[in-house]
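The chain below stands alone, shown as structure tokens; this is the form predicted on its own.
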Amino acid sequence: MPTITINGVACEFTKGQMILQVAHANGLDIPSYCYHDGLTIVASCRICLGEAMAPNPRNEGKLEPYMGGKLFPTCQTAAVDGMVVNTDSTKAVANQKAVMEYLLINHPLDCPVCDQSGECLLQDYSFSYGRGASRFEEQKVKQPKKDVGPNILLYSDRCILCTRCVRFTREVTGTSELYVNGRGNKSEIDVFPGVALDNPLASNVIDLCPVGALLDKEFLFAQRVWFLRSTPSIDGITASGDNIWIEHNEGKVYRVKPRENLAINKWWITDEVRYGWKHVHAEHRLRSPMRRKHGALIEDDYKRAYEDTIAGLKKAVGGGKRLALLVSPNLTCEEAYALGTLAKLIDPQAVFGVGPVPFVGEDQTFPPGAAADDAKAFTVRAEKAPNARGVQRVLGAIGQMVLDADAFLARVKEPDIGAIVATGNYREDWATAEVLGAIDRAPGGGESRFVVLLDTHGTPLIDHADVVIPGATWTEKAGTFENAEKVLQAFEQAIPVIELAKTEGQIALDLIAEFHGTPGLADHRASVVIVDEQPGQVPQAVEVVAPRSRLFNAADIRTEMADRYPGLSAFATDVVLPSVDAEKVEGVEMVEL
């Protein structure tokens, strides 16, 4: 392969790669503001300029100053075999200091109150490449703050006119809401008159902005970024399988950001995924088990809830009736397996079904007019459930016919169904009239049957159940989702399960242990976990309920699934695990005073 030397490091590259791209691929840092892998190259910020020696084919391939020794933009210059590039030479460093000085001339000194502080390229590059003091003594040019969209604020005086946001709205979304208004030091980013920055992907400009100019209204002044911990996760709201970071502190989610995956979501996520996690901390979350006593639901502990559940299911099946299991498309593949195993243990002829899969409109591809299979296109999925295909795959491999939601609701109305275990875990109320009419203790006033509900939020369906056990949202668990493209992707638990709730997988394992009469704990207990302990913070603690059987571990369950059922071998070979760089880089050198 051709080779180029960048700052003394030999790097292989493929023809057509820009020097900056080669440097990034080899872990070399060249400062840049306007460049982004997903956008066109404009070479406007000029901080990436370097100088080079290149082989001259007219002089027997001897190295000579490239472009006569002039500085050139490494982001816009293709790598040449044998070239020797320096961005740390005296001339290049002088340019970096000059560019930083120009960018900071009119920039406000408001880092202490800026939301971008701690993840700002202007801060980082000022420390690494800037001057130690400012020579500018004149009055700074002040620009206005603007409300440019439903989720975005523009602090124009912080903008460095890298135009990433403008190019994004033109090239990725094709909606072109943003443009550069004015000239010289009066130039500013703005929206066209009467046009708000409001498209399904609009808030990606917040991530694209290298400084604190474009800010998230919901995250504004909410948390300092150095207190946040980032957990790799998968979109738990739609069928897209977008790779995301869940950023949290002290057991609370503060924001969701895109995680790069060129095969799935590239560098972007939809605003729906970015802001659709609020149900995780909703006030109407179910927080403790309930069981029916003397006709009324009362809060109780897990010991009695589990005992009532197993006794009720055994009684129904022992009386010649069938057990029906409805597994939500919002649950993980591992949880579907655990629940299916529990159902077959109680009733080998159990009826399996996949919960209702919500659809909103139709799939939408950006930019408008692009083909869905275009390498640069981004598709917003109309399907609003993350794992319908994974649940179908797992339950089908266990050996049962798996019904869709409509067929399942029709089937459970038949008189041979004596018990129902239903799981919800939806963002919104899923208890439609059809669901309530089918999943009922006494449908149509007929013979009574036993109903167990595993759900995360209070809905009218609670009143139709004999036992209610609180579940966990996808941010509170680890597991695997299968997206619309049938890609299996694993994700990690971000925050602890809300107090006195459990993941549906743990509930299933606990009930299996209860069925065998061998629960791990003889009574109800709670354990205390320290959440997000970091320097500069008071450690926080949250009480979570300890398992009554072996601990539900998603990786172990995947191995068990693959070993036990040949149809689930993909869970040992094809699951894409999150690839995360664990290296921690200190931003500021600490010295003793």
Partner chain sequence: MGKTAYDGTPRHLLCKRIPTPPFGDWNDRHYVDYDEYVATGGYVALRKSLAQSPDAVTQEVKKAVVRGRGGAGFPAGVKWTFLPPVPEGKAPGDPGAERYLAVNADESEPGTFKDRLLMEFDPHQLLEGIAICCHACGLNKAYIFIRGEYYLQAERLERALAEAYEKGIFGEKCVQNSDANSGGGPRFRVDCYVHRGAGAYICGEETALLEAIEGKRGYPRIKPPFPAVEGLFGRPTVINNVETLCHLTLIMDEGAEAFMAQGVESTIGGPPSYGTKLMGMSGHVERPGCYEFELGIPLRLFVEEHCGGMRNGKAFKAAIPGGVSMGILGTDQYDAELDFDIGRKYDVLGLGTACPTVFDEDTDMVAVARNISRFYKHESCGQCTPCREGSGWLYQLLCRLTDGDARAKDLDLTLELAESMGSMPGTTICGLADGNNFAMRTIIQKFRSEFEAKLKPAFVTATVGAS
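Residue numbers count along the first chain shown, from 1. No experiment lies behind these values; they were computed from the predicted model shown.
From this point on, the text means the form predicted in complex with its partner chain, which you will not see here.
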Exercise. Taking heavy atoms and a 4.5 Å cut-off, does Val180 contact its partner chain in the predicted complex?
Worked result: yes
Exercise. So, in the predicted complex, is Glu101 in contact with its partner chain at a 4.5 angstroms heavy atom limit?
Worked result: yes
For this session: State yes or no: in the predicted complex, is some non-hydrogen atom of Val42 no more than 4.5 angstroms from a non-hydrogen atom of its partner chain?
Result: yes
Exercise. Would Arg135 show up as a contact with its partner chain in the predicted complex if we use heavy atoms at 4.5 Å?
Worked result: yes
Seminar exercise, completed: In contact with its partner chain in the predicted complex (heavy atoms, 4.5 Å), from 551-559, 564-572, 46-54, 24-32, is stretch 46-54
Exercise. Honest question, do Thr341, Ala419 and Ser448 all end up within 4.5 Å of its partner chain in the predicted complex by heavy atom distance?
Worked result: no
Exercise. Out of Ala442, Val113, Ala311, Ile105, which one falls within 4.5 Å of its partner chain in the predicted complex, going by heavy atoms?
Worked result: Ile105
Seminar exercise, completed: Answer key: of Ala472, Val402, Ile160, Leu201, within 4.5 Å of its partner chain in the predicted complex (heavy atoms) is Ile160
Exercise. Out of 183-198, which residues reach within 4.5 Å of its partner chain in the predicted complex, heavy atoms considered?
Worked result: Arg183, Gly184, Asn185, Lys186, Ser187
